[in-house]
Structures are given as structure tokens and as C-alpha cells.
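The chain below stands alone, shown as C-alpha cells; this is the form predicted alone.
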């Protein structure tokens, strides 16, 4: 099971019992696959006559080393706020404390549904959902961008030029020249739009971070890259080819059209700038290529040994091809 097996389970039971204010028994505890910067643990907590279906989100390594991600506390605070703003996100039961001796993270509600893109895009039971999801995503993103974020600690304002500087610094740290990436950086610098008033940006809103049922989107996951910035960044990211998982003729997550995404956004009260969305699609494609390289190097350097991180390095070349198709 990992994490000290029974000892980990017992400490988790004590933490859950503290929140529920009665003794709790942990059942069916197991770690889910996926998640490069956080561990996700599935379990049931039995307290009295009730069974609570829960998920533990746990930082994989020291958060001080990860300037690209918000802390798990901030991530939890955002989800709590989202629930008050009609944004579908798992309810947060509690945030871990140092005395829990488990790590840095929080426990949230487990939402039934599917998050594996291959199944969402191919299984017959999601046929109806695929017809609705682009418009639904537009509405959800508009509500995220309208959220009042003053109460959230630890959110950075990321202006476009600063994001370019940060991404280029990451690129240079690899000491590995890639002409396509250089070409993309030059294009992005030359075509950078004006920054609007900053709003809350999810920054990883895509197929794979959505829980889906036959009726469409049920919940939005993985708020760890959230920041304050241009709302069009989220729309562009959702259209990056990597998140279509082979359905390249459906630019929105492999399931929908840009027109439906934009219509859903504007029906919820927002305004779409298609040129900015295209800019952020290019930016997102480059950013994902850099993330792939960064994550593979975490494994190769020995700092985090993971087959998943090692395998993700092969996707760098995919993003180079995507950039050439977008810019030529």
C-alpha cells in the first residue's frame, strides 16, 4: 500500500476522526495512478453508521521546491470558494495539520464518474455528454473567472511577459537547444497581447482533469496551477492538441468545437477574444512541451524516481510538431 502501510492508515484514521468528531475506520485505502506533483489516495471512512467516500490529495515532495504550483492549502481554499460560486468542484472536508503527521495536503469528497480521457472520448455511454461538454466548459470557465479571489492566500499574478520570462528560464535550464521552441518563444514575444485586469485562472482546465457522467461535466479537479491572469489562458489551454487525445478534429478537449466553448462562455456573461485564445493555445502548447521535459528530468536526475515521469518525456516531440502546425 505504501506510506508506511498500516501506520499511514492509522494516522489517516485519526485525522479523519478529528474532523468527523468521532472515531473513524479507514477502508479500501489505495493510491490512484496519475498525478505528477501530487499523490491521490482513495478511501472510505466509516464513522458510526455512516460511510464517507473520500479522496486524499497529498503533495509528493516539498512545496518550497515548486514555484509553478500553489500550495495544497491554497488549492483546498480555491475548491472551497468554487463550491460557493456554482463551480462544480469536490467539497473539501479538511486540510491536514502538522500534528496529523501525514504530509501536506487535504481530504475532499469523492465524486462518482469518469476522468480517463480515452473512455470519455470513446465509450458509448458518454456520447450525449460529448455533445454538451464544450458549451458546459465555457460556462464553468466563465464562473471560475468571475470568482472573487481576495480571500485566497498564495495566488500569484502572472502577467504575460513574466510568464514568457519564467518559461524561457526553464527552457534555458535544460541546456538543450530546440529550434522549434526558440521559434515559438520569438512568436509569442512578438505577438503578446495586453494584459487585462487579472482574474482567477485555473491553468490546467482540460480533458483529464474533469469528472464526467452521461449528463456531462460533474466536477473540475487539479487546481494546483491556479493563479491570477488573463482568462483567455484557460480557453486556449483547453484547446491544446495534447488534450484532444487523438481526436484532433475536435479542438476542445477532443470532444467539441470552439464555437460551442465560446457560446457557453458568453452565455454565462463573459466575453471571448478569439485572437487571444489562439495566442494562449500556442503558449499552452509550448508550456506543455517544457513541462514534459522538466518532469522527465526529475526522474532522470534521480530527484523523483517515476516511470510515469520518465515516459512523459517522449511527448516533447509531439508538442514541437503541434507548434509547427500552429505557426506555419
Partner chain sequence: MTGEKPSSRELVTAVKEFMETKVIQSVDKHTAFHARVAANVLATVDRELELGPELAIAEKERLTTLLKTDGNRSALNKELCLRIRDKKIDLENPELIEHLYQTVMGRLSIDNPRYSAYLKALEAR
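Positions refer to the first chain, counted from 1. Since the model is a prediction, treat every value here as computed from it, not as a measurement.
The protein also exists as the form predicted in complex with its partner chain; that form is not presented, and the subsequent description refers to it.
The candidate site formed by 180, 248 and 311 is fully in contact with its partner chain in the predicted complex, as each residue has a non-hydrogen atom within 4.5 angstroms of it. Among heavy atoms of residue 109, none comes within 4.5 Å of its partner chain in the predicted complex. Using a 4.5 angstroms limit between non-hydrogen atoms, residue 32 touches its partner chain in the predicted complex. By the criterion of a heavy atom within 4.5 Å, residue 115 is excluded from the residues contacting its partner chain in the predicted complex. The closest heavy atom approach of residue 175 to its partner chain in the predicted complex falls within 4.5 Å. Segments offered: 147-155, 91-99, 191-199, 166-174. Contacting its partner chain in the predicted complex at heavy atom distances within 4.5 Å is 166-174. Contact annotation: of the candidates 71, 160, 241, 209, the single residue with a non-hydrogen atom within 4.5 angstroms of its partner chain in the predicted complex is 241.
Of the residues in 186-208, only 186 comes within 4.5 Å of its partner chain in the predicted complex through at least one heavy atom.
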